[in-house]
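To begin, one chain is listed below as structure tokens, in the form predicted alone.
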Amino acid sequence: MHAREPIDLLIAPKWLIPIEPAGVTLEDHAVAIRNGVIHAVCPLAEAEQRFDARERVSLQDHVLIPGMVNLHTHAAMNLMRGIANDLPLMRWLQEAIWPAEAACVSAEFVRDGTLLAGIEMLRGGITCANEMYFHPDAAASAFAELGMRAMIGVTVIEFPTAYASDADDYLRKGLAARDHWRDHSLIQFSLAPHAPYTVSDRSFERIVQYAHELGMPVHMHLHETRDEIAESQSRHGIRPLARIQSLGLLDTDFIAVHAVHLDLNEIDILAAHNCSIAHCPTSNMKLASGAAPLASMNKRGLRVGLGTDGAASNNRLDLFQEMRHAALLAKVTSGDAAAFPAHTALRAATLDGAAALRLDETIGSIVPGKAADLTAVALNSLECSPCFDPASHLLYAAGREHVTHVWIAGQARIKDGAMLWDRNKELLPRLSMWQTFLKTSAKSQ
């Protein structure tokens, strides 16, 4: 009789949706984890004979999926949740957000806001965030403390803030933060120019140079509103996508955030350059920016991941909500009830988001050799019963409140619905302090 293989953890869910191969739901299978990596995925009966697990987690009413990837967020803006509602994008920025940021944003603000956002995302089954904001070193510190995977954006804009004086200063400080965190297993960096209307040609050229030299993806808001496109045509004589294409940005690993107003030719251009879309349907609706042509993007082979945007314009960091809104908007705008079905939505929230960040060899699906970033969702509540198809339930019935377990690199972050990070009591009074500070600042304007 052969000795059983030692492993650290054996997870035995009722259902398992590995994402790879596509469209598959497994029953009575288990995931064996060793040294933070998925060692095997096999039938439960085989696993019980083959492995000697130091810990076993039985999830008899659950579906296990890869940890979800939030492809676009501004985490620290959780501290601004609800300060400005029912405004279009530019009024929202100019009348509320930019003045609040001028008054409040600091390294401490970013760290506290990112901790708050990270907790919200982990509790909702999100294990990786693609972040864009000021003070990237403070954001990285918060994600690292929570044990959460993150791609931190080196934000670049032309105008001064309390964080940096000009585009060169943003790049210098952001790249210094990248160097500081370059050996951390969960933290990586991208280049994150804010938008075509806030970044100059010269700065874009430098960003393209750094992207190639340092192997960093580029993450930017693009074609978010009709006004943005009209402004570019007036100022530059061409649409924003054509401008950044001429500057070489599409030849980087480019992630276009929002991309609401694309024509079919522009979709084909992005697909031909192997670019990605960070689709943020809830924020797009709330700011009345429009509905992105998701069905056309999928049909024409353009990679689409899902993002929440920041909590100031959503107001939830909830990828269950984004999956549902994306699917429903795709159906109603295309007239095709089969647009963006359940397994496609799940792939967008996991593997396609990981691929956009060039992390798909590490995370995004439940296959041997990848990091054990996993989320378990209970489907035994009354509102989820009966369950004929767990993938359908994840899209149309379940929500983040049904997430019970989250692992990152095989380490538990959420267990039985409880956050294992134990410093919540220290964070709460600081959140109250920031709320008071924001209220006081708003009254003084």
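Start at 1 and count along the sequence shown; that's the residue number. Because the structure is predicted, anything quoted here is derived from the model rather than measured.
This protein has a second form, the form predicted in complex with another copy of the chain, left out of what is shown; the following refers to that one.
K.L.:
Taking another copy of the chain as it sits in the predicted complex, is Q245 in contact with it (heavy atom to heavy atom, 4.5 Å or less)?
P.N.:
Because no heavy atom of Q245 falls inside 4.5 Å of another copy of the chain in the predicted complex, the answer is no.
K.L.:
Is there a heavy atom of G290 no more than 4.5 Å from a heavy atom of another copy of the chain in the predicted complex?
P.N.:
Yes, contact at 4.5 Å.
K.L.:
Hey, in the predicted complex, is P341 touching another copy of the chain, heavy atoms inside 4.5 Å?
P.N.:
Yes, P341 is a contact residue.
K.L.:
Please run the contact check for V332 against another copy of the chain in the predicted complex: heavy atoms, 4.5 angstroms, yes or no?
P.N.:
Yes.
K.L.:
Counting heavy atoms only and using a 4.5 Å cut-off, do T282, C384 and G399 all touch another copy of the chain in the predicted complex?
P.N.:
Yes.
K.L.:
Looking at 189-197, 324-332, 348-356, 170-178, which lies within 4.5 angstroms of another copy of the chain in the predicted complex, counting heavy atoms?
P.N.:
Stretch 324-332 is the one.
K.L.:
So another copy of the chain isn't shown here. In the predicted complex, which residue out of I269, L87, A164, V105 has a non-hydrogen atom within 4.5 Å of it?
P.N.:
Contact residue from the list: L87.
K.L.:
Pick from R316, H236, H184, R202: which has a non-hydrogen atom within 4.5 Å of another copy of the chain in the predicted complex?
P.N.:
None of the other options qualify; the answer is R316.
K.L.:
Along 72-98, which positions have a non-hydrogen atom within 4.5 Å of another copy of the chain in the predicted complex?
P.N.:
Contacting residues: N78, L79, M80, R81, G82, I83, N85, D86, L87, P88.
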